[in-house]
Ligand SMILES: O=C(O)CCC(=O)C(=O)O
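Shown next as structure tokens: one chain only, the form predicted on its own.
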């Protein structure tokens, strides 16, 4: 049984993102929310990042100003390693089915994390594309952002630039320093062309790995928590270490392991455009 309509698939292809309602069951959503509340309570006993992932880095990251009275847990790295509820949703949910229909039928898991903006959190996600962080032999990768809370205009929602996945891959290095963000000129253009992605808890934003995106601080009294899961087509091979190493990376979650490797020649203008004809220049001429 298919989940997505042909119209939805066409929207993803054109815009580079797609919003889907009810991507998990009510029971799955409740389990994820309960687990996260438990982690927030646990964080009250800590004053700095704690826990350990497979490469020794901290699993639980805390916002500056975190305290026992006002906990501010802002990230859980590789939650699938420590929670069967998160692992099962990653493998066995409507979310996984949607990804398979867009870049399948054979799908691999790459990594996941929980990003949370609690009320008043100052966290800002600067404009960037995911592909430079997780380069593969081809760009059939999807970042699936599952909303664990209602996401509104005020609580730090994701913002995207529709169609930017068909443009260039922007540099994240500036003056010899890795910033993890595009330069100020591109940021200005992103803000001018941004679309805000909102939805009720249980909704899903499927985002192409090349899509420009960012998010603002949470200015509301409501939390904004996302389970962010990255999947790739099975024939896409990583070209760099996983930024969130985990015990399940590379697992086939839909289809089979074909053993085939498919490459895209990113060093020629095949979909990349020269700086003089950037995505935003093209949009201005349209």
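Model, not experiment: these values are computed from the prediction. Numbering follows the first chain given and starts at 1.
The same protein also exists as the form predicted together with the named molecule; that form is not shown, yet it is the one meant from here on.
- Proximity to the named molecule in the predicted bound form holds for none of 103, 165 and 206, with the criterion being a heavy atom within 4.5 Å.
- Of the listed positions (32, 253, 236, 228), a single one reaches within 4.5 angstroms of the named molecule by any non-hydrogen atom in the predicted bound form, namely 228.
- This chain lacks the partner; the member of 158, 89, 142, 76 within 4.5 angstroms of the named molecule in the predicted bound form by a non-hydrogen atom is 158.
- Looking at residue 108, you'd find every heavy atom of it more than 4.5 angstroms from the named molecule in the predicted bound form.
- Remark: residue 113 counts among the residues lining the named molecule in the predicted bound form, judged by a heavy atom distance of 4.5 Å or less.
- Looking at residue 82, you'd find every heavy atom of it more than 4.5 angstroms from the named molecule in the predicted bound form.
- Although the partner is absent from this view, residue 134 stays clear of the named molecule in the predicted bound form, with no non-hydrogen atom inside 4.5 angstroms.
- Shown alone, this chain has one stretch from 167-175, 197-205, 210-218, 91-99 that lies within 4.5 Å of the named molecule in the predicted bound form by heavy atoms: 210-218.
- In the predicted bound form, the residues of 113-128 lying within 4.5 Å of the named molecule by at least one heavy atom are, in order, 113, 115, 117, 125, 128.
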